[in-house]
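So this first bit is one chain, no partners, the form predicted alone, shown in structure tokens.
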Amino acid sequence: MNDKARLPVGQEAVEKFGWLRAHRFLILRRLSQLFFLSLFLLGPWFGIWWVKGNLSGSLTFGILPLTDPFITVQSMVAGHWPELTALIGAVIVAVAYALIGGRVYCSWVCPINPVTDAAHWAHEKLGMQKGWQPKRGTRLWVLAMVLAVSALTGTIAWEFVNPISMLHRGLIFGMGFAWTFVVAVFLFDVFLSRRGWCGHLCPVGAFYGLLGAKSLLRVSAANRAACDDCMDCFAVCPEMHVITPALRGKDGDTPIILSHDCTNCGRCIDVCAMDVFAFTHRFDATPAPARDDRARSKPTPGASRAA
């Protein structure tokens, strides 16, 4: 194992750039999640109704409708055609995420993300094994099942068990039974499956991943020739399989992470002391310098620095 892989994750970046620079996108993500959550809580908590509704559907300043397209699709397959305002809101949200990256929702907006990140931190601190790891396509099957149940029952099926909606409602009206679902997600990721909920089961993430499959915003390993095999990017990435093709690519392979599983969380950029990664767009034609044969011959990491 590379000696640098034995160091705490991100230590090199902290020593080289400072703590804030080595956590900038993590901090921005938390501020983003807090911002969106606060917008919905201003009304119920303080009587400031800039935004009415929740992440499923809202009206901003009494003018701008925003609707979760996943909710809209469930409603349509259930046989309930949404009103025009809801359809317009769904189109606005769908276009936005199709352009910037569907799973940006997962890492920059979803209030469950801090819960699963905390679960991952606890999982690592407890020294737990990665546990049960369903195939990556499992969440697509869950997505298909949700739509099938909606069609068969005539309901928006996922909303009965959606921990995102329950967390929102719980913060407004008091958690009550909603805590059960949020705590269940946390315990599942800690004890049963490392990064299991967001990475393998959540149909919302699966839906937004498909929605943003051709999105413009991408992370690129543009400076992959400088990689020193510290493995920190693999350790922090919630979808580590997306890194390998870009970072370990052969001469001529694109350095851009094109997988729709990527959440554009930016943590690989944060922790890389060699500045290998950067945000770019999917049409960035800048060629990446090739890694040497020794580096390309190394096996794909995954076990040496547990994510």
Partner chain sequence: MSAAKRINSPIDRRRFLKDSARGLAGCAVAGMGLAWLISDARALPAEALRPPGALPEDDFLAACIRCGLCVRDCPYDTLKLAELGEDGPATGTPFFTARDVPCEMCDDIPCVAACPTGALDKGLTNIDDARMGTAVLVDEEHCLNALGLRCDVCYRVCPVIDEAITLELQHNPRSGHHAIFMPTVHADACTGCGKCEKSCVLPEAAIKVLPARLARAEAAEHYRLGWEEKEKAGGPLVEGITDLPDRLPGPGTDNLETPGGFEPAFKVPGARP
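On a predicted model such as this, the values are computed, not experimentally measured, just so you know. Positions refer to the first chain, counted from 1.
Not pictured, yet referred to below: the form predicted in complex with its partner chain.
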Would G249 count as touching its partner chain in the predicted bound form under a 4.5 Å heavy atom rule? no
Do G154 and its partner chain share at least one heavy atom pair within 4.5 Å in the predicted bound form? yes
Consider G266 of the chain shown here, and say whether it contacts its partner chain in the predicted bound form, taking contact as heavy atoms within 4.5 Å. no
Can you check whether A78 is within 4.5 Å of its partner chain in the predicted bound form, heavy atom basis? yes
Let me know the one among L217, A122, V109, V142 whose heavy atoms come within 4.5 Å of its partner chain in the predicted bound form, would you? V142
Sort through 251-259, 235-243, 29-37, 51-59 and report the only stretch with a non-hydrogen atom within 4.5 Å of its partner chain in the predicted bound form. 51-59
Quick one: which residues from 153-170 get a non-hydrogen atom within 4.5 Å of its partner chain in the predicted bound form? T153, G154, T155, I156, A157, W158, E159, F160, V161, M166, R169
